[in-house]
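Included below are structure tokens for two forms of one protein chain, each presented in isolation as structure 1 and structure 2.
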Structure 1
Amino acid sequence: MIRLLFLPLVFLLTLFVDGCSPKKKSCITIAGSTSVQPFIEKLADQFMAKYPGIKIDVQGGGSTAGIQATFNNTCNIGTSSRNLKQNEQELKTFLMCYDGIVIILHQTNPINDLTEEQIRAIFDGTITNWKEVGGKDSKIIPVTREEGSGTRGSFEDLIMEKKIISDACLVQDSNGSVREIIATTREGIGYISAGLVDERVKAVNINGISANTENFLSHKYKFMRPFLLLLKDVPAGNVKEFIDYTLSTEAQDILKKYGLISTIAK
């Protein structure tokens, strides 16, 4: 009988284990963009090592969810990988860094340059053959992100302008799986975060400007989106401590190491 009671008891006890909540002073809850999440986690680890008394809990959910959570006070800091819309402007924003949106192709694709108009035409379905942009005679297989994704949102703002992404595009739900498909599909084209480009895919020059760190830093490469930290009120206490840390040289160097574009070292 005692043994039988033991298990439920353990479950019950776990409920009382020190949980993180936005109301707690020694605890910071961060929620929002899944693109920002892996990087903010790295920073949080470093921060917690420096300040052992503070606990940081990082959650995903997406930019829109992060913005909502900041409004509702369900997190201390929200993160967003897109600019705020008109009705979201009341939040205090801190620009943590920039992230480039890079167009990627299969390694064997002979094309190295595309213009903005060509990319737009490929994704809205007006250009469907590589021949039309100077490549081989084969069908183009564009890969996009799912409706609601922050990366898709920034791609629409930065490149598509008012054009609508064609419904013939393949849809994948993460930067990683878009990269996976492009790496294995000769006719593929997709867009991902600059930090995640690797040697298995080829980054394309847009309007003749290549997607490298130098062009990111000089802002010559136009297709960049901000990684924002959001707050409802003026930062204070631990939250201020953490925001200051993310903008410090040390944290910015970490971000740079992962391919993001620091905001302080231009």
Structure 2
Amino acid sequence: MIRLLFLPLVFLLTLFVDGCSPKKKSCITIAGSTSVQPFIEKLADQFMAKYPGIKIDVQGGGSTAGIQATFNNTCNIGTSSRNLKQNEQELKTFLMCYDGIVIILHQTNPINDLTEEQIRAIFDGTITNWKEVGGKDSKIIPVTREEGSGTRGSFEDLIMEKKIISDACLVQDSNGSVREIIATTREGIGYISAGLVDERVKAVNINGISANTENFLSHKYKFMRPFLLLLKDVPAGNVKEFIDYTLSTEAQDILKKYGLISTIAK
């Protein structure tokens, strides 16, 4: 517990040590969700190509750390992959896009579909063997995100309901780390952003519904969460330019290429 409380503090104290700080007008600092991070980095690269005089520094740390950094003015823009809690709603929010929470398995796992109830039982430790859900006789190795993660918060809200994630689960500090563990662990199961699923892992249906763009847009797949940009004050200057860019058709088309759901209706 001490380690988990200490990590956000270390994150906030070590932000932007490379010389890019929130006080520099030519620099935009962004911090928060590791789910949002790879996608905001892609948009930042495109933005900096358009405006070579502006530097954008993107850091992870988790949604809760990003929210804290926004409140503390240690970043210009915070990012969150979960909805804000009541005591966080003073911040100004901009919806960048929507993302699906996807359950992933090793490519060799024969399971293609799980119910919500089965997923809850696996992650709360009630179901511990794959044969209990129609698979092989082998121990299940569930992999979860750390406390404070927006992905974990969304998973708990959308799927776990009031069930508690078991302490027996392996804990990883990013979606990428979860994906790598599952890609190399035949008995593993985890959850990550839909935009980060690749050929190394297998996304399974939930209640018979596939996690694909069509089902996201039709709302048949209901395990969705927002990717939020957070500001403490009304955006101005370069920060406003970047916020406007993330909501533009060009940026939204980039996000759609990576499996995210645009905020622009078609």
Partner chain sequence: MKDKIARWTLLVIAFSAVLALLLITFFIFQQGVPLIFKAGLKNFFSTQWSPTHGKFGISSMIVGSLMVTFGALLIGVPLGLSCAIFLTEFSSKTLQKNLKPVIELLAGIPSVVYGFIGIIVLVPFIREHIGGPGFSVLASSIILGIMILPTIVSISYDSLLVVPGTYRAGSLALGATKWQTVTMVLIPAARSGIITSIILGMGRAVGETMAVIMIAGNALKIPHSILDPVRTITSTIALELSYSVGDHRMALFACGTILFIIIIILNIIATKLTRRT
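Counting starts at 1 and follows the sequence of structure 1. As the structure is a computational prediction, the values presented were derived from the model and not from experiment.
Subject >> Structure number, where the criterion is the form predicted on its own >> reply: Number 2 is right.
Original post:
Based on which rigid part the C-alphas fit better between the two structures, which of 39, 31, 99, 123 occupies a hinge?
Top reply: In this comparison, the hinge residue comes out as 99.
Original post:
Can you give the angle, in degrees, through which the smaller rigid part turns between the two structures?
Top reply: Value for the rigid-body rotation reads 15 degrees.
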